[in-house]
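Read on for two forms of one protein chain; each stands alone as structure tokens, with the labels structure 1 and structure 2.
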Structure 1
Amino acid sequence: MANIGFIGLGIMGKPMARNLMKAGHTLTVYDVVTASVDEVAAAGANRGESSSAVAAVTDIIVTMLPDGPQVEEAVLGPGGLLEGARKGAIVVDMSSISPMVSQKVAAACAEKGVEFLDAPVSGGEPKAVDGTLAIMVGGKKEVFDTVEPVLKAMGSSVTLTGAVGAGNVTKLANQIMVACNIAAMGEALVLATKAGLDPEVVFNAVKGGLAGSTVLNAKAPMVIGRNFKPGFRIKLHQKDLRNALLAGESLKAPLPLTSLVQQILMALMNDGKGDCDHSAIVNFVEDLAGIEVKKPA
């Protein structure tokens, strides 16, 4: 069993940390929010006083933080884990961040003899709780092989996708497909509703055909039921598409649809919907048409 550090005990980090303990690993945890550390310590983890203090006593250190700036702060900043990490330690960053930031942090780790993997996840809180996340990993094969059994305590699918940064490129590809799929679904259901059709009948008619998808099955019932409770928040998806556009720019890969949906997400944040589920992308199209997608009265 491994001696694991865990930094970032939010919606995703808490259940992931619990699953590592359930699998028999020893955990030392840290979060800037003390109440979150208290909660996971009460479930059996050791308390770390800082990221560097966690790294000083562990061999594998998982980070699960909001975005690149927080990962840079926790790994490279003052009191960050590189100040305490032992030579040969492995940092596994499971946050969804820009692949360029993954590569920058990995290079700084390498200078200190510390290995780095980027390993973002898909599946959201329910799959974090069940330990059935899809985990997309970037890094060296031999480092991946060492960490794979640990990742399997948190996910049912663990895939090495390439060198450092590849995990986050894969995650961004995932987020592009999900966002554009929801936006297309929104236009389709608004059109059908404006034409006087029952959107539920339309959904049931198309879901078995080529337009059917996991996104459609998960999100159309939410929209028709007017339930926009997250799920996955608009503001986190906006952050992911911003990171996709930054990656696209550095690779000279134009992403016109991503760009449009990212702007729609930003407008929805300005409209006070940043904490709504990303299915609320549909609200933007509804406002343009002056109609709500719901069953006829």
Structure 2
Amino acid sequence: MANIGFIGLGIMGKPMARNLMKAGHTLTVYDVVTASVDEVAAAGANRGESSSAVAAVTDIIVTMLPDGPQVEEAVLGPGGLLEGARKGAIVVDMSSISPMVSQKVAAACAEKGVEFLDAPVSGGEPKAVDGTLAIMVGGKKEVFDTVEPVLKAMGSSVTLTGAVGAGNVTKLANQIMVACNIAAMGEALVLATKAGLDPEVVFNAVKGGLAGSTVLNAKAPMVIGRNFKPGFRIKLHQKDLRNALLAGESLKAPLPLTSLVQQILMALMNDGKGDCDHSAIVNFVEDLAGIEVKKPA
């Protein structure tokens, strides 16, 4: 069993850390929110007083943070894990960030003799709890081989996608498909509801055909049930699409649909819905149509 550090105990990080402990790994944790550390420590984890302190006593350090600036601060900043990490340690950043930031952090780690993988995840809170996340990894194969058993305690699908940065490019591709799928689902169900149909009947009619998808199966019932409790927040998906557009710009890859949905997400944030589940993308279309997607009264 591995001696693991875990930095970042939010909606995703907390259940991921619990699954590592369930698999028998020794865990030392840190988060800027003390209550989150208290909760995971009560379940059996050791406390770390800083990112540096966590790195000083562990061999593999996992970070699960909101965006690139937080990853840079936790790894490279004062009190960051590179101050405490031992030569030969492995940093596994499971945050969803810009691939360019992943490469910058990896280069800084390499200067200190520390290995780095970017390993963002897909599946949201339910799959984080179940330990069935899809994990997309970028980095050296020999480092991936070392860490793969640890990752399999958190995910049912663990794939090496290329060099450092490739994990986050793959995650951005995933986020484009998910966001555009939810937006298209919203338009379809708004049309059906506006036409007087029961959206649940329409959902059940199409889910077994070509339009069926994991996104449809997960998100249509939430919309029809008017449940927008976050499994993955609007504001985080907006951040991911912003990173996708920045990557697209640097690679000269036009992403017109991504741009449109990212603007929808920003409008929803301005409407106070940034902490809603990303299924609330449908709310934007509902507002345009003046109707809610729900079962007829």
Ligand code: NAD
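For numbering, take structure 1's sequence and count from 1. Values in this document were obtained by computation on a predicted structure and should not be read as measured data. Whichever C-alpha set is largest while still superposing within 1.5 Å between the two forms counts as the rigid core.
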Tell me which of the two structures is the form predicted in complex with the named molecule, please. 1
Where C-alphas switch from fitting one rigid part better to fitting the other between structure 1 and structure 2, the hinge among F144, A267, T170, A134 is T170
Whole-degree rotation of the smaller rigid portion against the larger portion between structure 1 and structure 2 is 8
How much does the C-alpha of G196 move between structure 1 and structure 2, in Å, given a rigid core overlay? 4.2
